[in-house]
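Coming up is one lone chain in C-alpha cells, specifically the form predicted on its own.
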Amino acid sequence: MQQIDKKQLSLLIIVFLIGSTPLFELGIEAKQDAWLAMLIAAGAGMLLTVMYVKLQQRAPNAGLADLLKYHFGRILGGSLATIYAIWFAYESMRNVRDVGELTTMALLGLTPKWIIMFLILLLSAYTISKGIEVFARVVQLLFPLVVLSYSSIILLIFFSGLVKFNQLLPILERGPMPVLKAVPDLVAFPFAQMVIMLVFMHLVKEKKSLERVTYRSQLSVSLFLVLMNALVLCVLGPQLAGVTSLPLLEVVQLVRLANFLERLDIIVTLLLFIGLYVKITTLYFASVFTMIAVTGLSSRNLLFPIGIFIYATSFLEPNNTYHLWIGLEITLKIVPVFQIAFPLLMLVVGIRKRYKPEAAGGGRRAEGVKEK
C-alpha cells in the first residue's frame, strides 16, 4: 500500500490550488474590488474544506468513491463515483488544453498545440505509472522552485516601483453587489477544488494531523492568492488587467532594474508549466484512483484509456475563445454540484447513519497506482 505523509499532502494542496491561478486576474468583473471578492471566496472555500475534512474523518481509510458508497449505497454511490471520475478527467482535459493554448499564445507560436498537449499528458501518465509516492516527492522537489519564483517576482515588482496602491481605490465604489456576484465563480475555481483531496486524504499516514495540516495549507494558499490578485491590480489597474490574457506575464514584462534586469518571462513560463503539470497529474490521478475503486480493475488497465479520453476530448473545442467560454460560462456553473451539492448531501445523510470504517471498500482500493 502506497502512502504519503502529512507534509507531502500539505505541499500537494498548496501547489495544486495555486496551479496557474496567479497568472490570471480572477474576479476582475468586480474591477478594483477583485481582491475583496477573492478574499470572501477564500473564506467560503475554507468552510467547504471543513465539510470535506469532516466527511473524511467519518471513514479515515476511505477514498471519495468509498465515501459515496457508504452514504448512497453500492449502486448509486458507485454510479456517482463514476461521474466524479469523468469530471476529474474533464477538468484534467481543460488544463491540458490550457497548456496548449497558453504556450502557443505566449511562448511557442509556431509549435503545433497537439504536440505540446501530448507531451504534457505523456509526462503526467508516466508520473502516475510510478505511483502516488513518487508524485508526492516530485511535488516536494517543485515546491521550493515555486516559492523562490513567486518570491522573486513579488520582490522585483516592489523594487521596480510599479506598485500603486491607489489602483485599489475607491473600495466598493459600485456597492457590494459586483463583489458578491463574482464570489460564486471564485469559490468554484480555485477554492472548492479542494474536494479533489478527498481522493488522497485516506493515503496520509498521520491521520490525527490531517485536520490541522489541511486547514493550514488552505489558509496559506488563500492568503497568497489574494495577495497576488491585489498585486496585479496595483500594477496594471482594473482596466488593463481586465483585457489582458495573462496579467502576471504583462506585469513581469514591465519590470526594469538598473537597465540590467528585465524580461523575466522565463519565470512566468516556469510557473505556468509547473502549475499546470501538477493540476493535470493530480486530476488524472484522481480519475484513475476513483475508477479503480469503482471497477476493481488494475491501474495498468485504466491509465491509458483515461489518458486517451483526456487527450481526445481536448480537441473538441475549436478555438481558445470557445474553450474559455465553456469554462467560464458553463463549467463553473455546473461544478458546484460536485463541489458543494453532493458533499453537503453526504454530510446530511451521515447524520442519520452509523459508519463502520472497517467495512471500507467495494471494488479494488485505490491505495496507489504503481503495481508490482
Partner chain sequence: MTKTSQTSNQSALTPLSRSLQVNAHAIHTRFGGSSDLVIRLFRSDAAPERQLALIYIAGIVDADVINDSVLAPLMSMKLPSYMEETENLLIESLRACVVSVGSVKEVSTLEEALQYMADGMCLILADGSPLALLAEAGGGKDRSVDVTQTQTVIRGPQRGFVEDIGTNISIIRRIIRSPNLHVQTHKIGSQTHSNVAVLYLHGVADESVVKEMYRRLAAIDIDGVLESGYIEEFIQDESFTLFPTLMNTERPDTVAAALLEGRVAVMVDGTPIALMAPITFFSFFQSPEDFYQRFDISSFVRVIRYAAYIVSMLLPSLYIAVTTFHQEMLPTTLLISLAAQREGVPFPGLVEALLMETTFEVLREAGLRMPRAIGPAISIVGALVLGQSAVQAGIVSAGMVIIVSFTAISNFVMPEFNMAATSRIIRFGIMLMAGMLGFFGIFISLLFVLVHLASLRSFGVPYMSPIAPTAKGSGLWRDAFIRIPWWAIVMRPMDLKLRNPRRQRSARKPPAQRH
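Since this is a predicted model, take the numbers as computed values, not measurements. Residue numbers count along the first chain shown, from 1.
The form predicted together with its partner chain is left out here; the points below concern that form.
Asks: Just one of 69-77, 291-299, 112-120, 147-155 has residues with a heavy atom within 4.5 Å of its partner chain in the model of the complex, so point it out.
Replies: Looking at the other structure, the answer is 112-120.
Asks: So in the model of the complex, does any heavy atom of Val99 sit within 4.5 Å of its partner chain?
Replies: Val99: yes, in contact with its partner chain in the model of the complex.
Asks: Could you tell me if Phe285 has a non-hydrogen atom within 4.5 Å of its partner chain in the model of the complex?
Replies: No, Phe285 stays farther than 4.5 Å from its partner chain in the model of the complex.
Asks: Taking its partner chain as it sits in the model of the complex, is Gln140 in contact with it (heavy atom to heavy atom, 4.5 Å or less)?
Replies: Looking in the model of the complex, residue contacts with its partner chain include Gln140, since a heavy atom lies within 4.5 Å.
Asks: Though only this chain appears here, would Asp185 touch its partner chain in the model of the complex if you measure heavy atom gaps against 4.5 Å?
Replies: Result no; Asp185 lies far from its partner chain in the model of the complex.
Asks: Pick from Leu219, Ile86, Ile266, Leu227: which has a non-hydrogen atom within 4.5 Å of its partner chain in the model of the complex?
Replies: Among Leu219, Ile86, Ile266, Leu227, a heavy atom within 4.5 Å of its partner chain in the model of the complex occurs only for Ile266.
Asks: Even though its partner chain is not shown here, does it sit in the model of the complex so that Phe189, Val337 and Leu344 each have a heavy atom within 4.5 Å?
Replies: Zero of three within 4.5 Å in the model of the complex.
Asks: Any residue of 5-41 with a heavy atom within 4.5 Å of its partner chain in the model of the complex counts; write them all down in order.
Replies: Going through 5-41 in order - heavy atoms within 4.5 Å of its partner chain in the model of the complex - the hits are Asp5, Lys7, Gln8.
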